[in-house]
Structures are given as structure tokens and as C-alpha cells.
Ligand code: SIN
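For reference, the chain that follows is the form predicted alone, supplied as C-alpha cells.
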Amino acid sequence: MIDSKLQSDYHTSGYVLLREFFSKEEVGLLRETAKRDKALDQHSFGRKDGEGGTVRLSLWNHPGQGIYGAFARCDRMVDAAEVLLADEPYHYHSKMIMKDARVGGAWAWHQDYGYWYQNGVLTPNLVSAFIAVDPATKQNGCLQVIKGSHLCGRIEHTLTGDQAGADPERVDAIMNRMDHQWIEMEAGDVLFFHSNLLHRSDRNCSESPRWSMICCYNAKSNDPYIDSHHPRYTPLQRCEDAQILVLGKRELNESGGASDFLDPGRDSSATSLTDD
């Protein structure tokens, strides 16, 4: 689904938005499963935003065999990641961002590679796929991006609350030259974005939740040179797109199938800085 124009747009802008990438039925099963999933809830942890709010998220390394894994491993997702990375992709990690109504906190301007650089990843050739589980609007804290900011290279990050944000002076200078955009999305839309793209989100001040699932992929040739809390190259077991509905219907009242949720009480990734 990524043609040459979309590929060019991605490298120019740092992102590409694919509308209706997943059907209403597919994303509906994901939403209902996630919001009933006790394991997902029990393994969630918070990130204070430095503005009085907290974002809740759960994070896992390997995709698993359930509905979460089916979204991350399905042909349409892996094909898109492969085109954008120009290499074999592997699953770096996934997370569910639970930005609940009225209480979901903000994320400061940051780059994902600003964090992942510390994990021994040598180049920023990683891509994140932001799946809108709920509709994302300005009112409920949709993602914001600075178009083309991935071309600025890696920017220094400093702590704001529990989060690491990009150097504010440099971000202000970049915003004076590049376009600041709000990415409003319907459930089932997917935003693929470069690991150096500056992005943030505001607090959810609405009555509507804004949950999202983000699948992050690294290129095989970009295999980290050291071990960290996220995996080194691990071949990805692809599945057919149809498995999303099969697994979703089977597991609606069960666990979402991500067997290795990261425990904030003992795992370094949960006490380090995560994003979005």
C-alpha cells in the first residue's frame, strides 16, 4: 500500500498518513479486546508530563500470537515497514497508549531516536506505526508533528517530569522554519513516522478517550551493537491480514496475547523514557 509517491512523501516529510488502513471491524476488535484486557491494565505504568498530568501505557517487546501480535505481524504492516526502511524489518517493541478522557497527560516534543540512540542503535532507520484505536482529535490530544524535522538529525533531550523532551530552544527554531501540524485521525488510520521526526501531544481535556497502539520496527541492518531492554534482530513471523479477525474474535474475552509485557517494577525500559 506504500507506492513510490508515498515513499517519497515519507522521506521528505518524515511521515505518511494512511487512512482506513485497518477496517472498522478490525480496529473495533482491537479496541474492545484492549479495553477488557486485565493483563494490559495490570502492566500499565504512568509517565508524568511535568504539567500536572500523567499518561498511562503498557509496553511489550515481542509481538506474540494474539490480536496485538496480528496487527504488528500482518502482511500490510510489515510490507509498509519494509518499503519505508528499505530493509527487512523486525519488531523493536509495541505499546498501548491509554490517554483516557479528562486525565490523559501530554507528551513533550521529542524524537524516538533521542531515546533509542542510547540502546546501541547506530542509525535512525526505524519507523513507528501509530494506529488510532480511538478517533484522535485536537480536543483529546492527537499527535502533533513538525513536518520535515527528521532532517535536522538527532537533537539533545532533557527531562521534563518523567519524560525526556527535545531541547526547547532548538525546537522553537525548527518551528520557525518548518510546519507544525496536528494529525487528526479516525479509528483504523495509521501514521507511519521516522524515528527522528519531532512529535508531541497535548493533554486530553475532552470527554473522549484517545487510545492508540504503536508498533515500532527496526531495520535488520541496523541491529544494535549492544544488548538493551529492547530486542536485537529477531526474525519477524509474518501472518496473513485475515488473522486479525480470526484472532480478534477468538480472544475478545481473553488476553491480547502479548506474553512479555514489561514490568515497571523491575524492567529497565519501564523506568527509562518512553514516548507518545
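Start at 1 with the first residue shown and count on from there. Because the structure is predicted, anything quoted here is derived from the model rather than measured.
From this point on, the text means the form predicted together with ligand SIN, which you will not see here.
In short, of 181-189, 109-117, 81-89, 165-173 it is 109-117 that has heavy atoms within 4.5 Å of ligand SIN in the predicted complex.
In terms of contact with ligand SIN in the predicted complex, the residue from Leu198, Leu143, Val127, Ala132 that brings a heavy atom within 4.5 Å is Leu143. The closest heavy atom approach of Arg210 to ligand SIN in the predicted complex falls within 4.5 Å.
Among residues of the shown chain, Leu29 is not one whose heavy atoms approach ligand SIN to within 4.5 Å in the predicted complex.
Interface membership of Ala136, defined by any non-hydrogen atom within 4.5 Å of ligand SIN in the predicted complex, is ruled out. For the chain shown alone, His150 is not a contact residue for ligand SIN in the predicted complex, no non-hydrogen atom being within 4.5 angstroms.
If you take 62-98 and check each residue for a heavy atom within 4.5 Å of ligand SIN in the predicted complex, you get Lys95, Ile97, in sequence order.
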